[in-house]
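The chain below stands alone and is given as structure tokens, in the form predicted on its own.
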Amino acid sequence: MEKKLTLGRRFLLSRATSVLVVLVLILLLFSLFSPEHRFVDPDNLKVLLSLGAEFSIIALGVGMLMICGEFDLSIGSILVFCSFVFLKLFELEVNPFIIAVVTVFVGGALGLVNGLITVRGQIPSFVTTLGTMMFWRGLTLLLSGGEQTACDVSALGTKAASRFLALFTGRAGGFLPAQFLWFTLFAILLGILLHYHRFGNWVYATGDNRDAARAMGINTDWVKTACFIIVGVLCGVVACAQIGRLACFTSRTGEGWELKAVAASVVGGTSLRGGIGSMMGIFLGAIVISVIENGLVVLRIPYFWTYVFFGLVVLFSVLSSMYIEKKQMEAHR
């Protein structure tokens, strides 16, 4: 009996549990108050699971990087530059799967650049990625002329093109978008890496106390750089999915995603100081942000109210995380 109570208390004091409660309340709110129950309409749910998942995939990497004690404000710019690379290779009529590999590689390379500048130059990642955010976005605008360009993979009319679209934008069972499956897959893989692999221990140790981690023999520079690369790779994957879905390139892709990804991680219980967080929490936090954005559109509330709700949810999440942390400390005494 005592063991059951202990497990129950652990569950109630879990950060992921508090995020789940918030998610359920938000889902109920939008389901009840959306006109004609449009929020739970199958067509809207498909949109939510596809568009929301694209943002959420990157949020997983950002959350892991935050646990490591670093930030990446350049994700939107890396995303749009990867999309531009995809466009240029598409115009050369390269096989779409080869384009996808190159696009993901470019994303990883840009993440590597962020990591090397941060650890080698001993520059705060906030400053590093603020600079690369402006650089890659500006370079993309310069090269593309800031215009929207058609990039319809289906127009290739090849089996490779059809398979590419099925892989990145298809629907499992005719309903579940491929983007959401990718989101779930990456959450599982990163969750295993973070919670059941020694690399995850290194990430937590680096984010909690870098000097102590170094004293334990952990190469903290390598760990941080690897986390930056993971974020870049996820940006490359999402670039492929977005191009496949939209059938065009736009230089405004990913604008505002930087702070939304940080918000998703914070909502999920990730500490801004590093060393605290879970992949399940980040997973749920990303869904919360996506649901809020979609729900407010369905309710036909002006978009600027989105940030008001984001702010309230973030503040509530931080306060609840602090309360849970306090209770956990009391429980261990």
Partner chain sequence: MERLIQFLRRRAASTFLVFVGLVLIFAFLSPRYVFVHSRNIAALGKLFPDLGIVTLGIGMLMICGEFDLSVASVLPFCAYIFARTLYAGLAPSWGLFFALLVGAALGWFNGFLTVKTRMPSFITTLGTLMFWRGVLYIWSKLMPLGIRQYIPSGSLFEKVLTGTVFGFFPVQSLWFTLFAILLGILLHYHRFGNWVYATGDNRDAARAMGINTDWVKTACFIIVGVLCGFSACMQSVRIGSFAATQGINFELRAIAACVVGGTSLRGEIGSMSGVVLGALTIPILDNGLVLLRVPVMGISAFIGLATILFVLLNTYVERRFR
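Owing to the predicted nature of the structure, the values given are computational and were not obtained by experimental measurement. Residue numbers count along the first chain shown, from 1.
As for the form predicted together with the partner chain, it is not shown, yet the points below apply to it.
Looking at 54 to 62, 260 to 268, 24 to 32, 40 to 48, which lies within 4.5 angstroms of the partner chain in the predicted complex, counting heavy atoms? It is the stretch 260 to 268.
Would you classify residue 175 as touching the partner chain in the predicted complex, given a 4.5 Å non-hydrogen atom cut-off? No, residue 175 sits far enough from the partner chain in the predicted complex that none of its heavy atoms falls within 4.5 Å.
Residue-level question: is residue 272 within 4.5 Å of the partner chain in the predicted complex, judged on heavy atoms? So residue 272 counts as contacting the partner chain.
With the partner left out of view, is residue 299 within 4.5 angstroms of the partner chain in the predicted complex by any non-hydrogen atom? Heavy-atom contact with the partner chain at 4.5 Å: absent for residue 299.
Proximity of residue 314 to the partner chain in the predicted complex, heavy atoms at 4.5 Å: Residue 314 belongs to the contact set for the partner chain.
Among 97, 105, 126, 222, which has at least one heavy atom within 4.5 Å of the partner chain in the predicted complex? Exactly one residue meets the criterion: 126.
Looking at 187, 167, 133, 156 here, can you tell me which has any non-hydrogen atom within 4.5 angstroms of the partner chain in the predicted complex? Selected option: 133.
Heavy atom within 4.5 Å of the partner chain in the predicted complex: which residues of 142 to 175 qualify? The stretch 142 to 175, when checked against the partner chain in the predicted complex, contributes 142, 145, 146 at the 4.5 Å heavy-atom cut-off.
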